[in-house]
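Heads up, the chain below is alone and in the form predicted alone; it's given as structure tokens.
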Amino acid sequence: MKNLTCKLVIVLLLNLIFAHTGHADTKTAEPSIFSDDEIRRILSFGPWPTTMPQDAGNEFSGILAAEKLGEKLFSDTDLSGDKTLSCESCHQAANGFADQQPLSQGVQQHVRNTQGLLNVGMQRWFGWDGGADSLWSATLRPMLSEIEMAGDIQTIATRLRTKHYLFETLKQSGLHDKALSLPDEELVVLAAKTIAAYMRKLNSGTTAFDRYYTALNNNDIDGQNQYPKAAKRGLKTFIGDANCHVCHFGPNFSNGEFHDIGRPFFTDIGMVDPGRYAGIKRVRDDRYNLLGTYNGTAEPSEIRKTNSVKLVQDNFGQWRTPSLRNLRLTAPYMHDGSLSTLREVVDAYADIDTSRLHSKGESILKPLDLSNSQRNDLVEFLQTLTE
């Protein structure tokens, strides 16, 4: 009887211990600040990484040998007129393949900021003004630009013919067995296409936001709890009061389109940068567009956008919506590099002067009544989009 009583006491004590300690091992979610609709909106920002489309009109897109060739040419100064500049001069890996300068510096100083190249393959139009309809034509343009690399077809082709590795690789890989006998222009276009094949592979990695997305999608409470509270509050503002998600949506946080956001378009006294208006004119007149001779795939679905793009006055002062991924690496911001920090960007949108919106403007843009802490939280969220 005494032994039985002792056993009962031990069992009771163990039950009490487990009752008090059991909750310590149970994952409990922080109180959610998101509604079901907001969670669905958040889940529209993933998953990441996502499938990268092929480069329109580029027969070398997605081919490993071409990507390796392009990587070598990306850092080759022979592609510039005076042999001092390469693609890498302005697009530096440590800076998200941008250069951290307000305005791009080539042979001359540009009036625009250098855009980062991470995830560039996801764009439909290329450049701040969308003046190129493929990544390979966007790659060729700076080589021939008097402002940027200041090369010309004949000079670049002559230098390319001295690169034996180029022709050996093309022949051995089956990409092109008679490249050495190509006309100058066709050879230079081929080189640009291999560089574009390389740049298409410049994809960014997983971020703190992506881990939160995965945890939210999998109902992983511990993973959700690891995402900073300030970033969650900023995310709520991003998809709520600030309306940022209207233009910055999807896994790449960009609609890939062009918008007037009230930024100045004067570049000097009496000089303006028309933005998308100039870009549409250029892409339609470009001999290297998808409607031209050098389209290597001739896919009807790829050609349609160039055939159908229309030029209207509203395009004046519009700029491409950039991806928000890896923002911390690519400061300063905006097409003219005029904003140095993410807080300045947030303030510019929150305090926007709608009278500065050009032409009809964007009805979704309006001043936001955001507190200082809300603005800081929004910056915290944006920082979690960098790997």
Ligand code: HEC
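This structure is a prediction, so every number in the text was calculated from the model and none was measured. We number the residues from 1 along the sequence you see.
Below, we turn to the form predicted together with ligand HEC, even though it does not appear here.
- Contact between residue 151 and ligand HEC in the predicted complex is not found at the 4.5 Å heavy atom cutoff.
- In the predicted complex, ligand HEC sits within 4.5 Å of a heavy atom of residue 243.
- At the 4.5 Å threshold, heavy atoms of residue 193 stay clear of ligand HEC in the predicted complex, well away from it.
- Although the partner is absent from this view, residue 57 stays clear of ligand HEC in the predicted complex, with no non-hydrogen atom inside 4.5 angstroms.
- A heavy atom within 4.5 Å of ligand HEC in the predicted complex is found for exactly one of 306, 105, 95, 214: 105.
- Of the listed positions (159, 284, 248, 236), a single one reaches within 4.5 angstroms of ligand HEC by any non-hydrogen atom in the predicted complex, namely 248.
- Site residues 42, 200 and 231 are none of them in contact with ligand HEC in the predicted complex, judged by any heavy atom within 4.5 Å.
- Residues of just one listed stretch (317-325, 44-52, 31-39, 61-69) have heavy atoms within 4.5 Å of ligand HEC in the predicted complex: 317-325.
- Along 329-352, a non-hydrogen atom within 4.5 Å of ligand HEC in the predicted complex is carried by 333, 334, 335, 342, 345, 349, in order along the sequence.
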